[in-house]
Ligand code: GLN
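This document starts with one chain, in the form predicted on its own, laid out as structure tokens.
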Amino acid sequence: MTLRLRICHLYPDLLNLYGDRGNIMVLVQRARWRGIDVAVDEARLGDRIDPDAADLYFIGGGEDRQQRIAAGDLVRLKRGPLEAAAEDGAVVLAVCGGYQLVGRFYRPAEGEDLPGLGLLDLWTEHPGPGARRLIGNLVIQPEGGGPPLVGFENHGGRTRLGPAARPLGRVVSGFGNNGDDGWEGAVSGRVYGTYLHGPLLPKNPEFADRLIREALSRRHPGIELAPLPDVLEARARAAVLARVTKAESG
């Protein structure tokens, strides 16, 4: 049986803050190390997408200007196909600005609200000019168990979850969705949103494998992945956790 991981990277030229493209590189390499074929397509402004052509869709982060450019195109051309893909078992990973755009709406510090895709039951509001940005190393404990997820956050918006979304994890160190309720990220089915940058997946190989496994299982139910050594990844995670521990101890 030939396995192929089909990835669609949305707006790689527009939403690629803090090295978000590195998430695609990790998915590709970890699949290829296991002998899995990988196909990566890019969907830019004006492009239409086929909900059956990919099994994992990625949306990265951007500043308000880039989000405003992407929002109209997302809702007009890509919302229907992404809804269909997610309902059929595809994985959607949205980071930072992309996370805000897969919710109901994003209210920036200035200007009109940006409509969201509604793939996650959440909304984001910016407190306004002069408000503190939520910046720094971020560590969360996933709600479903497993090792902590580590990364970096830098956002002004405050995200709130509705009843149809559950948090990705509980904040161990950092701010998370809004800096006050203790939650970070959101999950609904196989749609994931998070403020974890850095990029996210190089330092969190188990989470990367979870996404790969879920994407492949859309066409190959029950698929399992062979383990990888992850020595360098473990060192990267340990370095982040050490910095966080040192900072918190004074």
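Because the structure is a prediction, the values reported are computed rather than measured. For every residue, the number given is its place in the sequence shown, counted from 1.
There is also a form predicted together with this ligand; it is not shown, and the following applies to it.
Residues with any non-hydrogen atom within 4.5 angstroms of this ligand in the predicted complex fall in just one of 184-192, 206-214, 221-229, 56-64: 56-64. Site annotation in the predicted complex: the residue of H126, R170, R160, R79 reaching within 4.5 Å of this ligand with a heavy atom is H126. The listed set G156, G118, P142, G89 contains one residue whose heavy atoms approach this ligand in the predicted complex to within 4.5 Å, identified as G156. No member of the trio L10, L74 and F105 reaches this ligand in the predicted complex with any non-hydrogen atom inside 4.5 Å. G97 belongs to the set of residues with a heavy atom inside 4.5 Å of this ligand in the predicted complex.
The shortest heavy atom separation between L17 and this ligand in the predicted complex is within 4.5 Å. In the predicted complex, this ligand stays beyond 4.5 Å of every heavy atom belonging to R30. Residues of 194-215 placing a heavy atom within 4.5 Å of this ligand in the predicted complex: H197 alone.
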